[in-house]
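Single chain ahead, by itself, as structure tokens, in the form predicted on its own.
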Amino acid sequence: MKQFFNIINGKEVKSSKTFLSRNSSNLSDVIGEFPIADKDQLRDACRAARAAFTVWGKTPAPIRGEVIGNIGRAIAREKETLSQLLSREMGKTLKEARGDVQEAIDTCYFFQSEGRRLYGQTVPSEMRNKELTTYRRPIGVVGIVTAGNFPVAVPSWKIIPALITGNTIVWKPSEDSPATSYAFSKLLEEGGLPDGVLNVVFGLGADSTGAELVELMDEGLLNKFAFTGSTSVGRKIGEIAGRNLMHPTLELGGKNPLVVMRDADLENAVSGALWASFGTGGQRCTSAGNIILDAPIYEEFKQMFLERVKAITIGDPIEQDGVLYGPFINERMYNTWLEHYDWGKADGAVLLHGTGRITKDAPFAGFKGDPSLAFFGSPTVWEAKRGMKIFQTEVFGPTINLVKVDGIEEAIETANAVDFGLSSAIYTNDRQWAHSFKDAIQAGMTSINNSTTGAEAHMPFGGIKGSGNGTRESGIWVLDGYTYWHGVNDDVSGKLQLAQMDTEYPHARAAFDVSSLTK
């Protein structure tokens, strides 16, 4: 069995406790054994990052950009091998895995050039012989905890901007995809990062390494925290960060609405809805949670959609061709998903399709392979209403609700009637309806005639309400999360000048009466 290690100050470090990573599509296939870093090792990683910050933070930003470019080229070189590992470990299709890795490559190439554009400003002073300037400064040591469903793309959204702006990092990857995270971290190192700039500590989440890293904010060992995961954990991180006067980056859950209006192209809408609902087996924060259907097309859409659902192909994405989605990442994820069947029944939702776990005794027509090797969920479709728990609560798996409304106003009200605000989508050819939706929807991201999922490296990613705290990832907007503004007042007058008090404000001359010209 392959042994993996923490990476602290450029050295591989063992831990006394370990855990195993397995192939999500074949749980008997063990990928490797990983350490569970203890709190003392976390402190060592933070101190190593603190020491490295004194050098990395002063490295010229264009030079840091060259390192980021090296990283991008290293990832591009290993794209196929890394994608194969990602697909095996996490369970997403190879096509999706390649997209996951490509997002990191795109992120590197975008932020390489930002190393030459970390602009400040020169500001005119109200005093003579004085110059005012502003600078972006790195914050310091950043603690990062990421989820396992996008083990390359999502960490890159945090790590690359943090590095280009001069910060150093202690990263706890998800225990759900640690081998992919380890490979990614070695490619980051290859780019030329000095020892201690990136420290990688493995372990579990609650009551383990992840929770303990969060606690180090109270010890003053971290200056910034960035997290991708559940809303409940994000709230706890926000509380600890708040009492330490930090502004964390929180990318949390979603219950994303996909609206289909009466004038929509239904073939296109059904295709987009199918992908938004079941791509990655619904294990995306941007997956559709509620498909909100305008009454005149409700029955037609439902029939078309159910026909497509019944034709889905499911299986091991490495061994089987043409699958739409693979297994749950692990048994824990499966058990959490299974709870929603009880919610739906308790609230009176109508189950249109779905039987829970796919097994030999509970087969799904489109399944390929041996379902006993892992946890595969059947595509599940409910008819639901506002107010139901299944309507309101994120279900992280292959489940979708159909909700009937009448007209654009009720569609928008229903879309906003959840405690989340991450992604959203509307299918319509009416430009006024599209405008009304994008103007009134409570979400950080909106697609028009496209799916709720998908991101590009140069666009802001993030949500509002229960989906985040207003911070953004990707694009130039993320730079505000990893820098602070430093204003410099440079007075060369040789004397004390007091703004407002010594300012030479002009005095108005006597008023001129224009009407006097007409008398």
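Numbering starts at 1 and follows the sequence shown. Computed from a predicted structure; not experimentally measured.
The same protein also has a form predicted in complex with a small molecule, omitted here; what follows describes it.
Colleague: What is the one choice in 418, 412, 154, 105 with a heavy atom within 4.5 Å of the small molecule in the predicted complex?
Modeller: Checked against the cut-off, the match is 154.
Colleague: Going by heavy atom distances of 4.5 angstroms or less, which of 201, 101, 90, 285 would be at the interface with the small molecule in the predicted complex?
Modeller: Of the listed residues, the single hit is 285.
Colleague: Within 4.5 Å, heavy atoms only, one stretch in 216 to 224, 145 to 153, 175 to 183, 111 to 119 touches the small molecule in the predicted complex. Which?
Modeller: The contacting stretch here is 145 to 153.
Colleague: Closest heavy atom of residue 228 to the small molecule in the predicted complex, within 4.5 Å or not?
Modeller: The answer is yes: residue 228 has a heavy atom within 4.5 Å of the small molecule.
Colleague: Look up in the predicted complex whether residue 41 has a non-hydrogen atom within 4.5 angstroms of the small molecule, and give yes or no.
Modeller: Result no; residue 41 lies far from the small molecule in the predicted complex.
Colleague: Do residue 483 and the small molecule share at least one heavy atom pair within 4.5 Å in the predicted complex?
Modeller: Residue-level check for residue 483: no, no contact with the small molecule.
Colleague: Is the gap between residue 454 and the small molecule in the predicted complex 4.5 Å or less for some heavy atom pair?
Modeller: Output for residue 454 is yes: heavy atoms within 4.5 Å of the small molecule.
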